[in-house]
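Next up, C-alpha cells for two forms of one chain, structure 1 and then structure 2.
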Structure 1
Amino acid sequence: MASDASRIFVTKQFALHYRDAPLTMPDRFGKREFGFMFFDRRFMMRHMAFPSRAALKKYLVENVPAHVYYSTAYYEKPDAAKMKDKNWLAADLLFDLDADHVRGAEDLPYEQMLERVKGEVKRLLDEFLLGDLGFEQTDLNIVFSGGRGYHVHVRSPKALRLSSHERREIVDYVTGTDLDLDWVFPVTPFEQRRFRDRAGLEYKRTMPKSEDGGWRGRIRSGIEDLLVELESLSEEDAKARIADVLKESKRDIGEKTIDGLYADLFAKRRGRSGADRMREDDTYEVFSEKRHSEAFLSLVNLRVCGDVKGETDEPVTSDVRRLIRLPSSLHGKTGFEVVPLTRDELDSFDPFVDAIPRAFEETSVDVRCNSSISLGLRDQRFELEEGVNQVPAYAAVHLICRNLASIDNSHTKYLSA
C-alpha cells in the first residue's frame, strides 16, 4: 500500500466491517486451519484454529487482517505446525474460477472480466455440478472471491473424502480433458467392397443420441447448435466460419474439403440435407468422403468441445489441503467483501454494488489518483481526474486497495478525527 496514511485509513474501514458484519462460519470450523495476511507484514500467519465464532471475530476486530483464509480440509489438529501432524480427515470439493483460467477473460477490463467469469460459473453450476453430477443446491456454496472470480464449495458428504486423483478426474470431466471422440462417436467396422477373396474393411461412426448422458449428450446438442448456426449463414459466410475454426486444427484442411463438407451437410437430396438426416435419423453417415467426415470431426472437436468446455483452476480442485478465502471476510486488494451467494442470487449479483461492505462509510475523503478513472460503485458513477479527488470512504477503500489511488497527505483531518 502506497503510504502509511492509506494503510491506516483502509484498516479503519476494514475494522468497521469486522465489528458490524455477521460472520459466515464454515461448517466444522473448529476442525479447520485458518491463515491471515496483514497490510504491514509480508508473510502469512497460518496454522491457527478457532474454537468459536466469537474467538475468530475477536481476532479479526483486533488484528484487522488484509486477507482471511481457512482450509477446505478439516483436520484432527488444525493448529499443528506441520501438515503431517494435523491428521487430515476430509475436505470440501472446491472449484476456483478465476479470470486467469477463463479463456478470453484475462485481457478484459475488470467489470467485463467479472461478468465473463460469472457466465462460466453459471455453466459449471447448471451443466456440471447440478446437472450431470447431480449435486443438490443445498450441497453448494457459491462465493464471490472478492478478487477476479468465484469459488464454488461442494459440501456433499460423498464428495468430502474424494482423493486428490479423484478430484482431478472431476476437473477433467468439467474441462473435457482427454475426451475420447471414439467413445463419443463409436466406431464399428463393416465390410464394404469385396474383390475376389479380399474384403476392404470400412468404419462407420455412430451419432450420439440426445438422451445420452455426459459428454455424448453434450456434444450431440453442440452439433445441433453448430448446424443451426451454419444454416443461418450464407454459404460463403458459413464456409468462412468453418475455415476459421479449422485453422486451429493440426491437420491441414483445404478449401476443397470444406466445399465438400458443406455440400454433404447442406445440399438437399430428395428434400433433405445431410444435416437434416443427422438430426432426424441419429446418423453420422452423411459424408460422401472420408476426409469430409474427418474434417467434421475436427470441427466438432474444436468448435463444440472448445465452446462448451468448463473452466476451473485445476490444481486448486485437486489440492485437498488448500487455504481459501473466508466468506464474509474482506479482500485486501479490492476492499470487496467475499460474498456467499445462492444460485438465484448469483444471476443478479453485481460485485460493484453488492460486494461493497455496508459498514464502509459515506464520509468524503480526499484521494490522489494515479491516473483518470471511471467506475461505478454502489449506486454512484465516479469520473475521476488524475490528482486529488473527493470521494466517499467506501470508494476510497476500493481505489486504494487496487493501488489506483492513495490518501492525499495534505488532508489528514479525517485521520486525526
Structure 2
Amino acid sequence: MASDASRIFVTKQFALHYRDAPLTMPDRFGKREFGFMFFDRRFMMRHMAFPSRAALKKYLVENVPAHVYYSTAYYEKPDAAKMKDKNWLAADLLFDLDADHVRGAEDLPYEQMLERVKGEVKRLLDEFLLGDLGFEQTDLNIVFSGGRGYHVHVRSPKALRLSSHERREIVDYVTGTDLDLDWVFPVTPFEQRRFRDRAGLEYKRTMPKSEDGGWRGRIRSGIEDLLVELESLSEEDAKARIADVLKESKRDIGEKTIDGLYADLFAKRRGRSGADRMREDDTYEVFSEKRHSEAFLSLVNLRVCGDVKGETDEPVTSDVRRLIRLPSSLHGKTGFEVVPLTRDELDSFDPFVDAIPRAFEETSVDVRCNSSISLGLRDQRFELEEGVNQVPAYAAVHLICRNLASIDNSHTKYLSA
C-alpha cells in the first residue's frame, strides 16, 4: 500500500469484519489445509489446520490477513509441512472464472468486467454443470471471489476422487477443446449413380438437429444465431465479417470462396436460401462446391464454437491440491467479501452492494485519489476528483485496496489502532 497510514486503516476495518462476521466454513474443514497472506509480508503462510470454527476466527481477528485460503483437497494430515506427508484423500472439483479467462472481459471497466464474467458463470452452471454433466444444485457451491470473478465448487461424491487427468477431460469438454466436427456433422455415404453392377457413392454431411443435446445442440443453436447475424448485415459487411473470422484459419480461404459461400447461404433459389433450408430442413447440403462447405466448417469452428464454449481457468480445475479463497473472508486487493451464493442468488447479486462488509464503518475519511474516479458502492455514487476527497470508510477501503487512493501519513488520526 502507498503508506503505513493506509495499511493501518485497512487492517483496522478488516479486523472489524472478522470480529463481526459469522465464518462460512467448508465441508470437513478439519481435513483442509489453510494459508494466509498479509499486508506487511510478501510470502504466504500455509500448511496450517484448525480444529474448530472458533480457532480459525480467533486467528483471523488476532492476525488480520489480507487474503485467506483453504485447500480444495482433503488430507489426512493437512498441517504437515511437506505435501508428500499430508496424505491426499480427495478434492472438490473446482471451476475458476475471472476476467483473464473470459473473452472480451479483461479490458472492460471493473463493473462491466464483473458483469461479463457473471454471465459466463451462469452459462457454465446452466448449460454444463447442471445441464450436460447432470450435477444437482445441492452438489454446487458458488462463490464470488472478491476480486475479478467467481469460483464454483463441485462436492458431489462422484467428483471428489477424480484424478487430475480426469478433471482435465471435463475441462476439455466444457471448453470444447479438440472438438471433432466430423462427429458434430457426421459424413454418411449415399448412392449417387449406378452403372451396370457398380454403384457410385457420394458423401454428405448431416446437420445437427435443434433437439440434439450437448455439443451438437449447442452448435446448432450457434449456427442459427450466426445466420441471423449475417442476414442482418449488407452483403459487403457480411462477407467482410466472414473473411475476418476466417483469417484465423490455417487454410488458405480466398475471396472467391467467401463469395461462393455467401451465395450458397443467402441467394434465393425457388424462393428459399441455403440458410432457410439449413434451418427448416435440417440439412447441411446447401453448398455448391466442397470448398464452400469446408470453409463453412472453418467458420463454425472459429466463430460458433468460440461463442458457445464454456470458460474456466483450466489449470485450476485439473489441480487436485489447489488453495482457494475462503468464503466470508476478505480480498486484500478490493476490500470485498468473498461471498457464497446459491444459483438463484447469483442472478441479482451485485458485488458493489452485496460484497461490502457490513462491519465497515460509515464515518468519513479523507483519502488522496490518484486520478478522478466514478464509482458506485452501497447504492451511492461517488464522483471523486484527483487529490483529497472525503468518503465513507467502506469506500476508502475499496479505493485503497485497489491502489486508487491512499491515506496520507499527515492524517495521524488513522495511525492509531
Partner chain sequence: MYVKSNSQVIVLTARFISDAAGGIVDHKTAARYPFLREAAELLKSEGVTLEGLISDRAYERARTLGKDRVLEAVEFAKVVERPIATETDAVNELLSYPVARMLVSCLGDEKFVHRYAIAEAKLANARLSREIERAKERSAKRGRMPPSGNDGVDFVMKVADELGLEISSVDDFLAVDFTDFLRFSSAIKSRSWKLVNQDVRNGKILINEGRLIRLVEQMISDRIISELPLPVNDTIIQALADDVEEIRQQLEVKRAERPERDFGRVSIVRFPPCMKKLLEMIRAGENVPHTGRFAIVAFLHTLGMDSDTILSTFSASADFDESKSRYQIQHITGEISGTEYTPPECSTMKSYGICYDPDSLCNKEWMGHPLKYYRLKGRRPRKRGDDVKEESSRSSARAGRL
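Everything numeric in this text was worked out from a predicted model, so none of it was measured. Here the rigid core means the biggest group of C-alpha atoms that line up within 1.5 Å when the two forms are laid on top of each other. Residue numbering: sequential along structure 1, first residue numbered 1.
Between the two isolated copies of the chain, the form predicted on its own corresponds to structure 2. With the core held fixed, G176 shows a CA shift below 2 Å between structures 1 and 2.
Residue displacement note: V339 has its CA displaced by under 2 Å between structures 1 and 2 (rigid core superposed). For D98, a C-alpha deviation below 2 angstroms is recorded between structures 1 and 2 after rigid-core alignment.
For E229, the Cα shift between structures 1 and 2 is 4.2 Å when the rigid core is held fixed in the overlay. In the rigid-core superposition between structures 1 and 2, residue position F287 carries a C-alpha shift of 2.8 Å.
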